[in-house]
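Only one chain comes next, encoded as structure tokens, the form predicted alone.
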Amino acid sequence: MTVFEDLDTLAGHVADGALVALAPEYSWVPMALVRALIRHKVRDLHLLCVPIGGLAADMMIGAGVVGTLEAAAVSLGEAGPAPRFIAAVEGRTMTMRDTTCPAIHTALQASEKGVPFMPLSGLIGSDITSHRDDWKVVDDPLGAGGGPIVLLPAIKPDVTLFHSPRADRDGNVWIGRRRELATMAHASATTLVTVETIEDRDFLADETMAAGTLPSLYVTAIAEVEGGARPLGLTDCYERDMDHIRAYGKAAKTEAGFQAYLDEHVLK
């Protein structure tokens, strides 16, 4: 049964060293929860960006929350490079596990389906396989002439995090067309969600809502946090605050500037 909690209690479910799956910025990032994790001084997370990271990942890296990062890319998009990510990679203050967008989705699908690995052919020809000892390049086991394939071990996150516009009284969460959020929740041991509002109805009883709803079976706990994705955007609720994101990118170019940003927008 899904539990309804406050934001700080929700953040308390994330233990040091956990493998945490974080939604990309176009899929509703729980920025308020990310800030709570920083305030809780969570450490040594293995952060899995599904499949790319942005503002949230950069902030967590800069705040010392992340010990290992697995991502296809980290960027502030139109606001430029992710400065704390670049500093951490260049300074080797965290472990970077290079991957690709299809590889992340495929490995999560393996966990979702309860199998130990999934094959993927699109990686053949790239040198990325030489940097991943856990990926195995094998001949086509069916002998169908398809050439070598890569076997990717299943990724089972300890925790999945995302924000949503709404949940219902039974703990069902609206995800709309963002099916990667369903895959993340299916693959994870725990799913923590912040929402704009909790509605007094059953989404699954509504024919128009049910198809875009993640059932409460896959949701561990929910916190109601209005504006929980800001300064990022949330579909049909609010737009990204690009001025804020650009200001972050400028400030975070230096350690002192980043700390000043945390002091003003996260820690107080």
Partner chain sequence: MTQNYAPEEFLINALAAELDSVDHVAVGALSPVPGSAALLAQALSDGEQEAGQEARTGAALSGPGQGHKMRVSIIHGDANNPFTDGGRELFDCAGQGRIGAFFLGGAQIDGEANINLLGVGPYPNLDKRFNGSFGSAYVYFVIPKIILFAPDHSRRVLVDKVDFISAPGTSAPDVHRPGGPKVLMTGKCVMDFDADRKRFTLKSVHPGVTVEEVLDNTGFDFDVPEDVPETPAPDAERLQLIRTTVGPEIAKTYPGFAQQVLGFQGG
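These numbers were taken from a predicted model, which means no experiment stands behind them. Residue numbers count along the first chain shown, from 1.
Not pictured, yet referred to below: the form predicted together with the partner chain.
Out of the listed residues A189, I86, I198, L151, I86 is the one that sits within 4.5 Å of the partner chain in the predicted bound form by at least one heavy atom. Heavy atoms within 4.5 Å of the partner chain in the predicted bound form map, among the stretches 198-206, 54-62, 239-247, 224-232, onto 239-247 alone.
Though the partner is left out of this view, R169 does not reach within 4.5 Å of the partner chain in the predicted bound form, counting heavy atoms only. Contact check for E78: a non-hydrogen atom falls within 4.5 Å of the partner chain in the predicted bound form. The shortest heavy atom separation between A73 and the partner chain in the predicted bound form is within 4.5 Å. Using a 4.5 angstroms limit between non-hydrogen atoms, G147 touches the partner chain in the predicted bound form. Applying a 4.5 Å heavy atom cutoff to the partner chain in the predicted bound form picks out R177, R178, R179, E180 from 150-181, in order along the sequence.
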